[in-house]
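One chain comes next, on its own, written as structure tokens: the form predicted alone.
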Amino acid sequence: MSDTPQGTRPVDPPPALSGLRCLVLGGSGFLGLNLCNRLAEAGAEVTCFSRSHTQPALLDRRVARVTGQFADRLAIANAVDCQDVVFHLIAGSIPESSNRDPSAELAATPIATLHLLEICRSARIRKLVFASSGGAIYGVPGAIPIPERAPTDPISAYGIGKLMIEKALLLYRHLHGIDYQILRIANPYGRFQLGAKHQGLIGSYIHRVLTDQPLEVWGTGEVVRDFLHIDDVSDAFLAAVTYDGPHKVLNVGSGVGLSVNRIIAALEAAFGRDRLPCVYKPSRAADVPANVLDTALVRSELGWQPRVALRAGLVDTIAWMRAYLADAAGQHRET
């Protein structure tokens, strides 16, 4: 099964990435797999750190794999040693589930990140790039689109955890001069988003369609979100490595708001269906009514802009997941 999308490849990577030693923490997740592969394509020496590597076939063969827990300081220290750039993609959970036990959410990843920063300081890494959440960090916005200077009032423990890490990065730059870049990412979708664990609305919906399940709609379907293809997200990560400007926090999104109902309509068109069955459920406390990111700053500072149109991205993601599910079913039959 090929993991190369058709018609959605990003632009050529910066030549400065060739030979750069890059560690991707959380590298076996959706964002991490795509980033590891893109970095390898760009000529970087990439190490994927994860607590498990459940989908090794999805990872570029040039990428080294290290297994360990984020809370294991020795494992992290060994992984960080001799690296140039560290990408921090590890998240505690998801917004909805994080509110069930906020103390556990805030005692895990944010605290482990403080230990990571101490290790990075000792190892003298060049830069740390952190994947924050454009969807959770701002809370209920006062205006749309949301600029980076907007108030940060998360309504989920997940968002508070992300904000804690952002502030820790600022502190360590002030105290120790650690260089960093924060990318507040919108709602990414695309290849390697398996969709089976309610992580990512589009990925979840495509998985449900392909496995003959109805789509779950929380509320009326008029909640508005900012959706971005994973190739565009990976482009932003690569551009952030060589960025040396003054803006340490950048929104990364499409800048276009789409309701859940409009996403369902777009999926119906992409699947060639007149109607996709839906099950409506009560609204969730962690869902803000609307979230659309202002991307003027990232466009001007990184020279970045989203390149994958929604229709092309959906068709590509559907094709990938259909092939993935068929491959998984074939392997199951063989065993």
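These figures come from a predicted structure and were not determined experimentally. Quick note: we count residues from 1 along the sequence shown, nothing fancier.
One more form of this protein, predicted together with another copy of the chain, exists but is not displayed; see below.
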With the partner absent here, would 106, 160 and 172 each sit within 4.5 Å of another copy of the chain in the predicted bound form, counting heavy atoms only?
-> yes
Another copy of the chain in the predicted bound form: contacting segment from 223 to 231, 80 to 88, 209 to 217, 95 to 103, heavy atom within 4.5 Å = 95 to 103
Even though another copy of the chain is not shown here, does residue 72 get within 4.5 Å of it in the predicted bound form, heavy atoms only?
-> no
Any of the heavy atoms of residue 309 lying within 4.5 Å of another copy of the chain in the predicted bound form?
-> no
Evaluate residue 179 for contact with another copy of the chain in the predicted bound form, applying a 4.5 angstroms cut-off between non-hydrogen atoms, and reply yes or no.
-> no
Residue 114: heavy atom within 4.5 Å of another copy of the chain in the predicted bound form?
-> yes
Which one, 256, 264, 168, 144, lies within 4.5 Å of another copy of the chain in the predicted bound form by heavy atoms?
-> 168
Quick one: of 57, 269, 285, 279, which gets a non-hydrogen atom within 4.5 angstroms of another copy of the chain in the predicted bound form?
-> 285
Sequence order please: the residues of 142 to 156 with a heavy atom within 4.5 Å of another copy of the chain in the predicted bound form.
-> 152, 153, 154, 155, 156
